[in-house]
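Next up is one chain by itself, shown in structure tokens, the form predicted alone.
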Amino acid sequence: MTESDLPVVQLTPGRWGDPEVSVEVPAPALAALHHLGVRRPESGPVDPADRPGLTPQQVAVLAEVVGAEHVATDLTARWAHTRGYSTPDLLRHRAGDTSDMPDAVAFPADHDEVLALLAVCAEHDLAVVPYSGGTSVVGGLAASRRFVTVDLRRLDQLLEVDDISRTATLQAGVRGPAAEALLAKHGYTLGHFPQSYEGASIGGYAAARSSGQSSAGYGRFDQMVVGLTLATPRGTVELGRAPMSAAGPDLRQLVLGSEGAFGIITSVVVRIRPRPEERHFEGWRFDTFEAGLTAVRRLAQDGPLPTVLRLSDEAETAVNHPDGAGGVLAIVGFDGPYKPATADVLTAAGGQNLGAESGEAWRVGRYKAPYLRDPLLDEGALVETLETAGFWSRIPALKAAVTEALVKALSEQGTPPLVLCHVSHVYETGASLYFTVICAQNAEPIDQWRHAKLAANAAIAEAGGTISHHHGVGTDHREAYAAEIGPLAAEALRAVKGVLDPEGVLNPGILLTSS
């Protein structure tokens, strides 16, 4: 089964993925957790308590736009739209914390209804948070004041396929697997497969500047988007008259990654490619992470690039592929014919071809990894991820600095961690680093992680990396993002928001600080 054949998963509130999929922590992993001091907590999740939502008059205003049957004010619907899927989000969910619960959920049918919702919400001072897949892991769905969630699930159509230009127009609520299925009927693929693929949506990809696991071959999502439609409280913005233009700054790039702070993306025009007739995945072993880094850099800079290119460090290789071979593991994948010249580059750099078994194991298991976090949290482990990117010359120091900061910050709290890392995306000039952190929870796990995350953020800034490569800004990275771009650039972005959203109702507190 390929990505194009996977079904859409309706995520379980407060727990990742398909509720019918049961994942248990392997016995060796449990033993390793116990060595880290992990102990199963005595109490389980707490049911949320309802709290007042909108007034009947406010609900009526929303119902006039989308119809009463498409406005939900019950606890179940509101709780299901509370926060995203970061570990702090899940811990708050388990605690029954309703502080970020929306006051109502509206389900518009099309762009015009989104536009009308924004207009009436601005008029009645109701904050708005856009929602489709809900897979944010950086606090991107927790506005700084009470709000209405605008769920885009009814905007779920493939509007147009342009076979000559090889573009497709997709509404924002189309989920990843659904987009692939719709395009497959026309013989195409989008080629965007992030780890959140089962639950994420087209609009979310665009709003968070997503990067999929096949980015070496297909590019990031912001590279795929050639046009988009944005609904704002003041009207519609249409961008993308041609694939490239010299007519001023490219405003598409201003909207991509804006996380609902400037408007709600209702549709995108994306580049598509013929669906591959064959796929190949294989594993490559290198003696050290440094040797593997040199190999993947050579491919990124001089080619020929495969579709998928990943490199795990020694710790991640030992945990995920405990075959006793040591060293580090690179995963190489091809959509379409196998490229022997890629293998020649890897061999010349000291790589050993392990064949298809390890590559296929990664391909089959890549969407199962997020399912492990919930049972690990059940056992009392703290499990979280973070990512960054930097230029090639900075990658070794960046990796060392972030690892050291995480180990120090968590060890100081009496919970020494296991820190894993891999290169997840490569470019001619640099690469991204993706970290997984596992340790025992202390008595206050949210504060425990916040302390570690702030230390990692500081290390990233000091080592010359960016605060996020593909998870986005949300609230978790808001202050670090402002420091990264500087006060003048932050002021310019606030000016853009002031023009498009003068009442400040669009996802307030997300992406930008207020001053």
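Throughout, we count residues from 1 along the sequence that is shown. Since the structure is predicted, the reported quantities are computational estimates derived from the model, not experimental observations.
The next section is about a form of this same protein that is not shown, the form predicted together with a further copy of the same chain.
Asks: Of the residues 489, 31, 46, 60, which one places a heavy atom within 4.5 Å of a further copy of the same chain in the predicted complex?
Replies: When a further copy of the same chain is considered in the predicted complex, the option within 4.5 Å is 489.
Asks: May I ask you to choose, among 166, 185, 145, 368, the residue with a heavy atom within 4.5 Å of a further copy of the same chain in the predicted complex?
Replies: It is 166.
Asks: Mind checking whether each of 253, 302 and 493 has a heavy atom within 4.5 Å of a further copy of the same chain in the predicted complex?
Replies: Yes, because 253, 302 and 493 each have a heavy atom that approaches a further copy of the same chain to within 4.5 Å in the predicted complex.
Asks: Can you say which of 294 to 302, 400 to 408, 329 to 337, 127 to 135 gets within 4.5 Å of a further copy of the same chain in the predicted complex, counting heavy atoms only?
Replies: Only one stretch passes the 4.5 Å heavy-atom test: 294 to 302.
Asks: Any of the heavy atoms of residue 249 lying within 4.5 Å of a further copy of the same chain in the predicted complex?
Replies: The answer is yes: residue 249 has a heavy atom within 4.5 Å of a further copy of the same chain.
Asks: May I ask you to state whether residue 475 is within 4.5 Å of a further copy of the same chain in the predicted complex, using heavy atom distances?
Replies: Looking in the predicted complex, residue contacts with a further copy of the same chain do not include residue 475, since no heavy atom lies within 4.5 Å.
Asks: Report yes if any heavy atom of residue 37 sits within 4.5 Å of a heavy atom of a further copy of the same chain in the predicted complex; otherwise report no.
Replies: It does not: once a further copy of the same chain is placed as it appears in the predicted complex, residue 37 has no heavy atom within 4.5 Å of it.
Asks: Please run the contact check for residue 79 against a further copy of the same chain in the predicted complex: heavy atoms, 4.5 angstroms, yes or no?
Replies: Flag for residue 79 set to no.
Asks: Is any part of 464 to 482 within 4.5 angstroms of a further copy of the same chain in the predicted complex by a non-hydrogen atom, and which residues would that be?
Replies: In sequence order, 464, 465, 466, 467, 468, 469, 470, 471, 472, 473, 481 come within 4.5 Å of the partner.
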